[in-house]
Every structure is written in structure tokens, then in C-alpha cells.
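One chain comes next, on its own, written as C-alpha cells: the form predicted alone.
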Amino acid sequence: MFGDGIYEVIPVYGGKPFTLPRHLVRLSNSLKEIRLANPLSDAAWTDLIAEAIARSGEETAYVYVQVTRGVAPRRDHLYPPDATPTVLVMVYEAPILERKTVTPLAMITLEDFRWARGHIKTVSLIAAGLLKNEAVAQGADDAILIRDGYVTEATASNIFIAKNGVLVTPPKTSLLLHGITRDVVVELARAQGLVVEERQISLEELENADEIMITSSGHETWPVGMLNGRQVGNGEGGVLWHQVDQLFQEFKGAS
């Protein structure tokens, strides 16, 4: 009733969870932030997730993991002292991860009015839902969120821009989710010798970027073709997006 819980979404390739240890670390960190004890060890989570994937029969999928605080004797803001956390694990198909087509996104900018602890992956997603649906109502696919003149993230993904051959992404602060795919992309790009800057991106810089892309477990890396009704670059995936996406696909295939 209070949205008092934490979740993770883990991509599955070839029947195996991708970057699972990183997701379990973030799950544990988010649970600590809301003072909810992790109900399972990493080994137990690994076994439970493997069982869920096996029982689903899916090869390319998402695993959704959710931990809420449990049943309370009454509706109260105080945490129930003896509640047993409720654990939910489900597996569902993810045809988008098969990447048969990659259609660039159309996005708009909206004010980021969410709370100031976006690094916690909480199930309380009402603000993100409002922003996503406002973007769709305006004819876009999603929104890039702006707080005090600077980019934070999209409603469910991190943001990268490219300008003059340099990749730029906002730094990991409490205002945005510390994305697993974001981190993998930064690491892969730097290992390949690409220049990556983790710093603030102004709205003006976003609007004048050569390329814009999002990263998330749900979309991997994905190009943005339109921003606020104006074409970004050539309107397709740009040179750096193609490089980054190829690096990610190779890493995914080798994992």
C-alpha cells in the first residue's frame, strides 16, 4: 500500500541471467537504503532465479525480482518489526532483446519532478509513470528528464550523448539510477579507447548533440532519432552508437 519495496530486472540470454552479480549488489544496496533486510543470500538468489528461468522455458527473457516489506497488522507508516519480506520472481519473454529491428526513439524533454533518491530502485514508480505517459500523450516514445537545467535520465533508462567523437553521460548521483548497462557501456567503451566523460549535460548540450542514446537492461543500447520534434544527427543510429552497440553485443555473446 505504500510502495515499500525494491525490484530488479535482469535480462536473460540463452537461458542464463546476464550480469547477475551486479544486479544482486544493486538489489542489496537498495534494500539497505530502505532499511529492509535482504531475505536471501546471493547463492540463494542465484538458485531461485535459475529455477525460475528453467521452469519458464524461456531463452531470451527478463527476470523480474521484487522484495516488499511484508504483511503488517494495520496500515501504518511505521515499519512492522516482525514482518517477513514478500519475495516475487517472475520470468517473461523479451522479444526486443532479439533485436530483429532497432527503430530509433522519438523523445521529448520534461521536468524531472521525481524524488531525490533516484539511485534506489524502488517499486514506487508513480512519477516515472506520469512522465512516460505524458511523453506518449505528446506523440513521443519517452522523456528525457531535466532537473535544474541538466539531464538526469529517461523514465526507465540512462542517457548518453555523443559530441565531436566524445561520449558523455551524467555522473552517478542520488538523482538517477546507477544503471548496470550504463556501467558496462562505460567500461567497454573505455577499454576500446573511446573517450567517455561522466559529467553533467546541460539542456542546451543535449539539444545540440551529434547523437543521443539510451541504455538499460530492457533496451541494451538504443539510438534516439528525434528530440522535441527535431531530428538528432541523421535520425538513425550514429557512428558511436554503432560502435558501442557492437561492443555490447560482443560482450553479451561472450558472457
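In case it trips you up, residue 1 is the first one in the sequence shown, and so on. Please read these numbers as outputs of a predicted model, since none were measured by experiment.
Although not depicted, the form predicted together with a small molecule is the subject of the following passage.
Here the chain stands alone, but in the predicted complex its contact with the small molecule, taken as any heavy atom within 4.5 Å, falls in 177-185 among 73-81, 134-142, 160-168, 177-185.
When you look in the predicted complex, the only residue of S216, S30, T68, N38 with a non-hydrogen atom within 4.5 Å of the small molecule is S216. For the options A156, L105, L110, A94, the residue carrying a heavy atom within 4.5 angstroms of the small molecule in the predicted complex is A156. Heavy atoms of V9 reach within 4.5 Å of the small molecule in the predicted complex, making it an interface residue.
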